[in-house]
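Before any questions on how it binds or moves, here is one chain, the form predicted alone, in structure tokens.
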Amino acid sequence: MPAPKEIKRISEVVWEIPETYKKGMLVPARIYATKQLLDSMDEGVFEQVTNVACLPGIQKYALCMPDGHWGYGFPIGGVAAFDFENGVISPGGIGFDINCGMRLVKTNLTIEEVKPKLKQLVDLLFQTVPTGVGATGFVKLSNSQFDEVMVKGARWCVEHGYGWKEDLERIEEHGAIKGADPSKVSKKARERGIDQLGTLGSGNHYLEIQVVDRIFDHNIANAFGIEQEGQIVVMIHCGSRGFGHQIATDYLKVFLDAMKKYGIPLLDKELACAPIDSPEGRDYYSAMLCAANMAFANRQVILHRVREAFEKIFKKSAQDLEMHLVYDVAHNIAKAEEYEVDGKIKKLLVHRKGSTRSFGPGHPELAEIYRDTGQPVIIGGSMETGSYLLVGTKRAMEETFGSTCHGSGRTMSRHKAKKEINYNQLVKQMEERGIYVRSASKSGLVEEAGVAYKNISDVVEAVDRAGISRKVAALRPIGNIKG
């Protein structure tokens, strides 16, 4: 779908749609993409990103990353920052799977050591980490314990033996965002979330054994624990499961009424919103953070189970295998952060919908281990195409509210993928390429075939050229577990 004729090229990989494009736009819309990626974007991206530019209190630009595609409310790949005093908060700018995110774990194993035991390892992980729709975890929580998880996030897990203390400094916000209030979560959301800790879920979520395929920056890679090509790492991609979905559903209904109450024009009901500093806005923010913290805890328990599986297969402790967490990042979230706008430092609520935080060197929110390098940025590809480890930059802080892409971005609908892709053929092709896969459902696997996505390398090249994150290492899948 061609981009709107009004779009202007700002630089090699930055495009701008002016405020005059659509009535009600308060700021321009900016899209980060090569010409090839821009031309491949669906019409919904341009419609949605310019709708976002109309929301009250938006600052500087409505942004879309190179993996952008049509989403609910915001495009997936969308970023927008709102002033706390007169801006809004919107579930459509965060996503239903609140704090869907990525976690990367290093090991000291090499592909030569893992290959002979790969099937055994993947089969054990498939048994150990529940996958698929409605999967329940092995951690049984009381209601009061679930309240603690909503507030403490990954810290609750570490306190209860599901992880190492060092893990916490290697998680965005140290694994728990302040401000969560369990009293703002509905009974139905609680019921959907209480037994899902330590579960992968379905859709595009996965647990993947990967090999370091190429290192682009050896100094940064070493600082992140990536020491050589051929090294084995583990990537986890999941979020808050049905818990976050229900919270988003609950508050979308509340916000449709709130928009009438506060006189906010309704461009698209999927962009239902409320003033940040309103009872409705504050309640959703507090509930959303409960889901975000649950997601950090979910990935923490999965990491604990992964370490146990490696110990069992390789007959060594996780410490001896040096299974250190590299980092854990959210890519469906809204967070209070400070940025310079018109020469003044302002507190903003940054919505990232299918976009990853990309803080550069020296940022005070980074743990000391990454203060000099900048934040590790984990970009997950499809189960066939590989993934990337990047690093955050100062330019991202200046241009994109500390944000970059999150993955490869769909180009084929799930429905079309199910119609066009043969399950047995896909499994065979993956095995021929050295990827052993286990899936909870045949349809779940074909929906996530590599051909359904943009080329991850093209997406990463675009953000690298833009300078909003830089390439550190390319990672290739060898074993995959799908929901």
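Given the structure is predicted, the values throughout are model-derived calculations rather than measurements. Counting begins at 1, following the sequence as shown.
Not pictured, yet referred to below: the form predicted together with the DNA.
*Asks:* Considering Lys335, His245, Lys106, His304, which brings a non-hydrogen atom within 4.5 Å of the DNA in the predicted complex?
*Replies:* Flagged contact: His245.
*Asks:* May I ask you to choose, among Asp97, Glu173, Glu384, Asp167, the residue with a heavy atom within 4.5 Å of the DNA in the predicted complex?
*Replies:* Checking each option against the DNA in the predicted complex, the one that comes within 4.5 Å is Asp97.
*Asks:* Picking from 199 to 207, 320 to 328, 150 to 158, 264 to 272, which part of the chain touches the DNA in the predicted complex when contact means heavy atoms within 4.5 Å?
*Replies:* Checking each option against the 4.5 Å cut-off leaves 199 to 207.
*Asks:* Kindly indicate whether Pro28, Asp67 and Lys353 are, all three, within 4.5 angstroms of the DNA in the predicted complex, using heavy atoms.
*Replies:* No: no residue has a heavy atom within 4.5 Å of the partner.
*Asks:* Is there a heavy atom of Lys178 lying 4.5 Å or less from a heavy atom of the DNA in the predicted complex?
*Replies:* Residue-level check for Lys178: no, no contact with the DNA.
*Asks:* Looking in the predicted complex, any heavy atom of Arg192 within 4.5 Å of the DNA?
*Replies:* Heavy-atom contact with the DNA at 4.5 Å: present for Arg192.
*Asks:* Given that the DNA is not shown alongside this chain, does Gly134 nevertheless sit within 4.5 Å of it in the predicted complex, heavy atom to heavy atom?
*Replies:* Judged by the heavy-atom cut-off of 4.5 Å, Gly134 is in contact with the DNA in the predicted complex.
*Asks:* Lys188 versus the DNA, in the predicted complex: is there a non-hydrogen atom within 4.5 Å?
*Replies:* Because a heavy atom of Lys188 falls inside 4.5 Å of the DNA in the predicted complex, the answer is yes.
*Asks:* Can you list, in sequence order, the residues from 325 to 350 that come within 4.5 Å of the DNA in the predicted complex, counting heavy atoms only?
*Replies:* Sequence-ordered list is empty.
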